[in-house]
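Take a look at this single chain, the form predicted alone, given in structure tokens.
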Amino acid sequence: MDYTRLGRTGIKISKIVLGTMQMGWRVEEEESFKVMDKAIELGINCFDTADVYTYWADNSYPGKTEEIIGRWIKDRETRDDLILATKLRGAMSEDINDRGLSRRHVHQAIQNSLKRLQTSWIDLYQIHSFDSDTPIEETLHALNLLVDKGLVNYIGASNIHPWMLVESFWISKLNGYVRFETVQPPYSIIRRMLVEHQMEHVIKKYGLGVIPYSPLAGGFLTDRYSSEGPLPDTPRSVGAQKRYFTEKRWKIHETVKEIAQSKDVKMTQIAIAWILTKEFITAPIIGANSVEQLEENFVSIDIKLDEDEIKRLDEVSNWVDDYEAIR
């Protein structure tokens, strides 16, 4: 496993981050334990989760994923081996104040996450998205207190616009608060513009660590999908069809598939390998429904794309020409 510095911080994380959103939803606890065991065995030292996982699942509730990870940490005694990242922002109950980024909820959320994860500190505490009802000054002050207390080592932001990040840096500097050290956006060969249009400039200027999620575009960048059908009959497939089924994205899909076939590897491995060629990316977040799937995705680290393959993938997924045409 290769390790890389997380933004400006002094910590090193594996080039792949284990995503845990499936745990307690698509993956039962026993299999989740096996996936986390395998991740440690492979050298993956950074796990990403969120307090709100898995509120959407049938017969589930917010906090279930953190509870599973917490039981695993206690049983395996692995806390010192991990860079543990979690997030706050979503609704955790029917209580109107048990959500958002208010000072009240920040203090409530960290205590509950620490309890569920069975740890005394969080390495990377991230806002899950922006909260328009709470001044960013209030949120940053509350997060700064958590760092001062030793409950959190670093803070980060997920699903946030570049201008919001820049504003937060100004407020942190003005008040002497800690600043966001990482950003967690969706990013894949299918979905580049969101990051590359403006966020990339902010990332490079401010030295942010980047741990993008959804590198496989919700499963679209797999052999399960074909422009000629048939398509999987699942809620996830319906979501992918609404978001990704366009002529251009099918061209990207086919190019990824052709390169994968030429190298005798999986489409998923090419999609992840392409992301790893981007210098501004620290480590993509990779989820896994099984040990076998984790091992399959892990191989991406060793796949080397040559200059022609990178150029071909970059060109077929280029968003700049399309953007300029509609300006």
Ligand SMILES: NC(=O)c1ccc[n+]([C@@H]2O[C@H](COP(=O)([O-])OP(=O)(O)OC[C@H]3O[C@@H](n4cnc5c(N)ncnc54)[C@H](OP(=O)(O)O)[C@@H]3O)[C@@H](O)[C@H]2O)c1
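All values derive from a computational prediction rather than experimental measurement. One rule holds for the numbers: they count along the sequence shown, beginning at 1.
As for the form predicted in complex with this ligand, it is not shown, yet the points below apply to it.
With this ligand left out of view, the stretch that reaches within 4.5 Å of it through heavy atoms in the model of the complex is, among 107-115, 155-163, 172-180, 252-260, 155-163.
Interface residue among V35, A273, C46, I285, judged by heavy atoms within 4.5 Å of this ligand in the model of the complex: I285. Among the residues L216, M199, I122, L88, the one placing a heavy atom within 4.5 Å of this ligand in the model of the complex is L216. In the model of the complex, this ligand lies farther than 4.5 Å from every heavy atom of T78.
Within this chain, N297 lines the site of this ligand in the model of the complex, having a heavy atom no more than 4.5 Å away. This ligand in the model of the complex is approached by M21, whose closest heavy atom lies within 4.5 angstroms of it. Contact check for T134: no non-hydrogen atom falls within 4.5 Å of this ligand in the model of the complex. Contact residues in stretch 251-265 (any heavy atom within 4.5 Å of this ligand, taken in the model of the complex) are absent; none meets the cut-off.
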